[in-house]
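The chain below stands alone and is given in structure tokens; this is the form predicted alone.
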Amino acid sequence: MNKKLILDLTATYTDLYELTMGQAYFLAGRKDESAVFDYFFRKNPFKGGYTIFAGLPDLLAILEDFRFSKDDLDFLKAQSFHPDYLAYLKGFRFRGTIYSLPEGDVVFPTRPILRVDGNLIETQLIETVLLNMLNFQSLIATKASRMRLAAGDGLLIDFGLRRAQGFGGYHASRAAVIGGFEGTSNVRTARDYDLRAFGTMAHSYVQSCESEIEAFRSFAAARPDDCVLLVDTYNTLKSGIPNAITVAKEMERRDHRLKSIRLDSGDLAYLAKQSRIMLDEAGLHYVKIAASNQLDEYVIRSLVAQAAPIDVFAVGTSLVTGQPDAALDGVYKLAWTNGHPVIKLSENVFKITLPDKKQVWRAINDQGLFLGADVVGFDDETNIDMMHHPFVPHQSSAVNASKIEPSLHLVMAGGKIVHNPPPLSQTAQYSRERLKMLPAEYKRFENPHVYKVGISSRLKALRDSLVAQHGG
């Protein structure tokens, strides 16, 4: 058995039905038929009013080298795939074209976020990896964004790798930065994406020493310029903080400064306030207070509302697992093939898809804020002044905007990335700027305002005609 510590991500990182459909297309002589797929989702996570789009550069990098290895082909041969199809897969490369929203932008349900153009087989085979990358990172970036809103000026650090689902923690740390986190304890992701790496100590370090103060002294000697002391191993206020103060004073005499203390249990608001008083009385105004222990956006919001003097929020499980939702319901649907638009019908009208090659326009008001309306139309439309509800008949409104900007831009052509992705710090800054353009009522945690997504008159006419044609 060939054991590997890190997943070897080749084109078999997919669901079996993608490959079986590919074989059916191939054997039917349809491998060169053209196709267009849309990626979108149907519901914002966390009962929120928006989603942060993330994962695009990782997806594009995977697709640029998406191929079947010898091990892949040997495995598929054992699964009884047709030899002619296997010969085709041996030389398979993704050569399609992708239009996408910029990573870090704010997105909303039902509107296309990404469009894939190519032949029928290649556009089908990338479905699983596309959904895997974009759904997960967008979920985590959105969760992080909510915590950023709650934390105000507080520093947010990802501490979640040990609680993540396997290697998901690798991309979760990246997505968290897009959503507003300043760094991560995850060393590998910090290395690969040039992020700030943060770390403190565990209770085991304190327990391994003869006493708490000796643990603090030895750790300070090892990390004199980046020392964070965990103060709740035994008793936070009776021993942890007094011992941290003693060591901080000793560090001062050596021309070093204690960076921070960390609270990891108990009543965080009360302990932070008492710790701040004790530190300040000792003249240690510069020592920061970090808090961890099952934080999420609601706990952080409560701590801020209580004026808890916490400078750093270290968040783990709820961030990297996207609690309580755990998944974004992004889907990938065929919209055009072999020269004509197609549609998927459903008894649930909200699952009826939008046909053809599309563009999405975002309306901006005269204050430079999002108007609260995205309009989906054909990719060749240039003048959209009316939008219709995509599912409710006879609901429409004029688009009264100071500016309407197209959302989908070319990011991959012929299977090659068109532009190098910006540094992650730049993407995070872009995301913050776009979120500032979203009015406050859409960012509420409770009962957020619903951002409208409509369709153009031309697209509505086509969709209605296809519904009539196929719906009987």
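Here the structure is a predicted model, which is why all the values come from computation and not from measurement. The first residue of the sequence shown is number 1, and the count goes up from there.
Just so you know, the form predicted in complex with a further copy of the same chain exists too; it's not on screen, but the next bit is about it.
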item	value
Option touching a further copy of the same chain, based on a heavy atom within 4.5 Å in the predicted complex, out of 125, 314, 164, 247	164
Listed residue that, although a further copy of the same chain is not shown, lies within 4.5 Å of it in the predicted complex (heavy atoms), from 307, 398, 87, 202	202
Proximity of residue 425 to a further copy of the same chain in the predicted complex, heavy atoms at 4.5 Å	no
In the predicted complex, residue 300 touching a further copy of the same chain (heavy atom, 4.5 Å)	no
Close approach of residue 391 to a further copy of the same chain in the predicted complex, 4.5 Å, heavy atom	no
Residue contact check: residue 65 to a further copy of the same chain in the predicted complex, 4.5 Å heavy atom	yes
144, 268 and 432 each touching a further copy of the same chain in the predicted complex (heavy atom, 4.5 Å)	no
Option from 180-188, 372-380, 100-108, 148-156 whose residues, in the predicted complex, bring a heavy atom within 4.5 Å of a further copy of the same chain	180-188
Interface residues of 103-140 toward a further copy of the same chain, as seen in the predicted complex [heavy atoms, 4.5 Å]	120, 124, 127, 128, 131, 132, 133, 135, 136, 139
